[in-house]
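In structure tokens, the next block holds one chain alone, the form predicted alone.
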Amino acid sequence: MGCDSVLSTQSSALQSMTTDELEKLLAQQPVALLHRLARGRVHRHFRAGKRRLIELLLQHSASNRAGFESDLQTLIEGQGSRTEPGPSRTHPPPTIAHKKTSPRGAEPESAETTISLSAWLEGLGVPSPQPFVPDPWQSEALSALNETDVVISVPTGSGKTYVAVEAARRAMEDNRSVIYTSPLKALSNTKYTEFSRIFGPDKVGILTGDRQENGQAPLLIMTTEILRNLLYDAASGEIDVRLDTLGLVILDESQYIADPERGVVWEETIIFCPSQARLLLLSASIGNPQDIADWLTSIRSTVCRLVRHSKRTVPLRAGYLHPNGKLTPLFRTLGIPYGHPNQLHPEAKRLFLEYEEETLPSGRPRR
């Protein structure tokens, strides 16, 4: 039976398939087809392996089986139309065991243009000590804090913590108290340990739902919810003594303001924050930092300054670690070639296929 006949048989059988039969048919399709089928149906489908992707597609198909089967039929037929014309083949097409066969449209794999694992690992590790010199954006942020609120939006690893530490130091030298908030109790505990080492344990306290230590310290670490509650008390007339001399409020991970459930906590904290205290918002992932700065300007007594820096200080390298312990670069290049998914490293491709074979047996996928 020819390839077109097989595809036609698959397509016509869709409407009468049971869930188990549909599951087996999905397992026979290439991953690329499943990802096209998942668009608009499965959130972040590109992160799922083939077995998990089939599970998610089957779950989604329960609400609109007819539409799902129709789209699957269209994709299968489209796949068949891309097959080169010719006489019907009596032998099956090459399987993934034929390593030398490249998919249509893929770039030729050249050893000369593919980075080696040793080259990919080169340079990783702890850098040699060097004198610290603040980056221009760090100096700009600290200077702006003397006059107004500041929103900092820079990549991870760029040095936001330095700005927070130096700003807190300057505020305490002026006999003003500082509050540093984070969205998680675990992160608050980490910052408490870090700041106690920097400033001394007598100058740092922590207030969370599980921990209350040195509550009268000039620098207090807490979750954002705790600060919001303190500001609620102040608004109701029960003014906490810690707010009398408050000079700086640092809101770390401020992208949480967009969180559907907890974002209101950040909004209320900013709205109720005393006008004499400077606000410093830190984030590596705010999509619209200028909008946040404009909003702060509209509700606060000073113009909020946005300090934005896009160059990543610590470059990213992408690798793939197979469950068997094999490590390989994810892409052919040292950096991440955004917008070029066909630049996957040949060894990464091979490991992907190996994992797919291992996790998708011929029978019903394991759940």
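In case it trips you up, residue 1 is the first one in the sequence shown, and so on. It should be emphasised that the depicted structure is a prediction, and the values quoted were computed from it without experimental measurement. What we label the rigid core is the largest C-alpha set whose atoms superpose within 1.5 Å from one form to the other.
There is another form of this protein, the form predicted together with a small molecule, and it is not shown here; the text below is about that form.
Shown alone, this chain has one stretch from 288-296, 125-133, 206-214, 225-233 that lies within 4.5 Å of the small molecule in the predicted bound form by heavy atoms: 125-133. With the partner omitted from this view, the residue of Ser196, Ser177, Ser158, Ser188 that lies near the small molecule in the predicted bound form is Ser158 [heavy atom within 4.5 Å]. Among residues of the shown chain, Tyr162 is one whose heavy atoms approach the small molecule to within 4.5 Å in the predicted bound form. Residue contact check for Gln138: one or more of its heavy atoms lie within 4.5 Å of the small molecule in the predicted bound form. Although the partner is absent here, Asp149 is not a contact residue: none of its heavy atoms lies within 4.5 angstroms of the small molecule in the predicted bound form. For Ser128, the Cα coordinates differ by 2 angstroms or more between this form and the one not shown after the core has been superposed.
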